[in-house]
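For reference, the chain that follows is the form predicted alone, supplied as structure tokens.
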């Protein structure tokens, strides 16, 4: 059975428009995003690490933890979810397993990056990349493991930030030839830069962290960009609110003072789908 979320995402890639994905980190955030009409969500590996382990983004989560979390999230809302699959959790054969698990979990797309992960012994603070040959093999393996052709595979590269323009262009050309649906590029400078990358790759682009001066969807679309990331603000705003609420209570202040900041009964009813559960209980438990 075709998943509408994947169909819609593929339609976006094939269109001539760009979209801002909303940051999604769990079932509740996906439900809220979907109820507000957001068409695409992105689940960063850093957020999964934060939510599941309260740990920084240092490649501590496992594929099983990620896939289970994605399944719970996609089950809560039928939106198109892009999942950050980091390095695919190992070599090319491990990447095949990653594709199978995230496809089965209901994701609309996954990104696979060429960064050396986890951080190896004695590596400095900067990033390192695997060889272009290895990344090509990983992407080819990922494409071969896909069962649903509408499950979008996105090759991600940080080569612009690590290796410079010339090698980045060569990597982009080679990655595009593996059969992936799109490329995600970090370190893009301006609209002209995006246009050159798009012409070189011949594939739709996902831009990691759009420069503030390029925050125009129409112009982004003209440069071949279909997804333009702007960070995980919803998660960090919610995190600050949680911290301040607990700080308030620890200080011995009144919980009543927090009531104006609480989600209203109407919002809670919408997000938790109270009406549906009441209807199911009345139909099946009476």
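Note that the structure is predicted; figures quoted are calculated from it, not measured. Positions refer to the first chain, counted from 1.
Another form exists, predicted together with a further copy of the same chain; not displayed. Remarks below refer to it.
Heavy atoms within 4.5 Å of a further copy of the same chain in the predicted bound form are found in exactly one of 183 to 191, 199 to 207, 153 to 161, 84 to 92, that being 84 to 92.
Although the partner is absent here, residue 226 sits far enough away that none of its heavy atoms falls within 4.5 Å of a further copy of the same chain in the predicted bound form. Using a 4.5 angstroms threshold between heavy atoms, residue 230 counts as touching a further copy of the same chain in the predicted bound form. Contact check for residue 169: no non-hydrogen atom falls within 4.5 Å of a further copy of the same chain in the predicted bound form. In the predicted bound form, none of the heavy atoms of residue 222 sits within 4.5 Å of a heavy atom of a further copy of the same chain.
Counting a residue when any of its non-hydrogen atoms is within 4.5 Å of a further copy of the same chain in the predicted bound form, the hits in 269 to 283 run 270, 271, 272, 274, 277, 280, 281, 283.
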